[in-house]
Every structure is written in C-alpha cells, then in structure tokens.
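Coming up is one lone chain in structure tokens, specifically the form predicted on its own.
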Amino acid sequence: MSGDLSPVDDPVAGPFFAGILEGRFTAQRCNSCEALRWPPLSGCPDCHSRSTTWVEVAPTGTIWSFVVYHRAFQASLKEEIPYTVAMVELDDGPYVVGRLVPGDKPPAVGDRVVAELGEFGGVPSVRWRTA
C-alpha cells in the first residue's frame, strides 16, 4: 500500500483495523445504550449518543448471505477468480463482510464460520473459514 492511506488511519473505522493487526476482533459499542455495530458510525443510530468504545467480540458467526465473484472487484484479485465474499451475522450481533476461504464443500447460508484476522494483500482484513 505504498503511498496509500491505510484503513488504520481512518478516524472512525481505524480502531477496528488496528485491532486486526493486534489479533483482536472488535466492534464499536455505544456507551449509552450498549448497542454493538459494524460498520462503525460517529453516532449511535439507536439512541443518538456520540460516546463509543471498541470492545472485543467473538470471532464466530453464521453465514447470512454470500456471493461468488466471477469478475475481479479489484485488479489485484484477478488471479483469485472465482472467490466468495460472505456477510456473516456474528454471534454477538453485528454483521461483518469478508472473503470466505475455500473449503471442502460449497458455502451455504447458515454455515458456521470463524474469523481469520490478518493482513491480506497489504490490508488488515477479516477472512471467514467454515467451522
């Protein structure tokens, strides 16, 4: 990512990506109503408080939806076609999107997954692996 702005520098989502680099899976929690959310926001859509904290959440969930890409969303992904991106409902509530690591069988809505945190292609990211 030479010269590019790192997602860690993002004023709202940066703590999430910094946590990934530290091996922690986090979500933003409202300090007023304690709602967990991803993506993070500058204010709580439920109670309108602007006070938030980043808390660790379980890196497990269930595939809510997925799509198999047959065209690269980015040129850097061209060699990985086809690849799957899943929206996962975390056991703690929020939904998080990430690449699904190919498994022994095709993915299905309802499959249990575990997050793998790391720097993929130079970017801190979440990948999902079926449990």
Partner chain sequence: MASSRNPIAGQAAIVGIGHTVQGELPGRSVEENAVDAALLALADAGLSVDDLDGLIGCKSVQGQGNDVTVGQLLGRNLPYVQSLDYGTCNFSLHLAVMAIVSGLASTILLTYGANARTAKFDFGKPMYGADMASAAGLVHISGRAGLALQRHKALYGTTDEQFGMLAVGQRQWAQKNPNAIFRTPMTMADYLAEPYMVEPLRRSDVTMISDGGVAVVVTTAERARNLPQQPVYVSGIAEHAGVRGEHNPENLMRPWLKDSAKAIWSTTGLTPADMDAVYIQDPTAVWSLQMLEYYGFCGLGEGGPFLAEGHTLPGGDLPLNTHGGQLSESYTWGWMHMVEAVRQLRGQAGERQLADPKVALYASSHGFLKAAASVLSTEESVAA
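The structure presented is a predicted model; accordingly, all values stated were derived computationally and were not measured. Positions refer to the first chain, counted from 1.
The same protein has a further form, the form predicted in complex with the partner chain, not shown here; the description that follows concerns it.
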Listed residue that, although the partner chain is not shown, lies within 4.5 Å of it in the model of the complex (heavy atoms), from 67, 55, 58, 33: 67
Exercise: residue 105 in contact with the partner chain in the model of the complex, heavy atom 4.5 Å: no
Contact flag, residue 85 vs the partner chain in the model of the complex, heavy atom cut 4.5 Å: yes
Distance check, residue 90 to the partner chain in the model of the complex, heavy atom within 4.5 Å: no
Exercise: residue 130 in contact with the partner chain in the model of the complex, heavy atom 4.5 Å: no
Sequence-ordered list of residues in 102 to 131 near the partner chain in the model of the complex, where near means a heavy atom within 4.5 Å: 109, 123, 125, 126
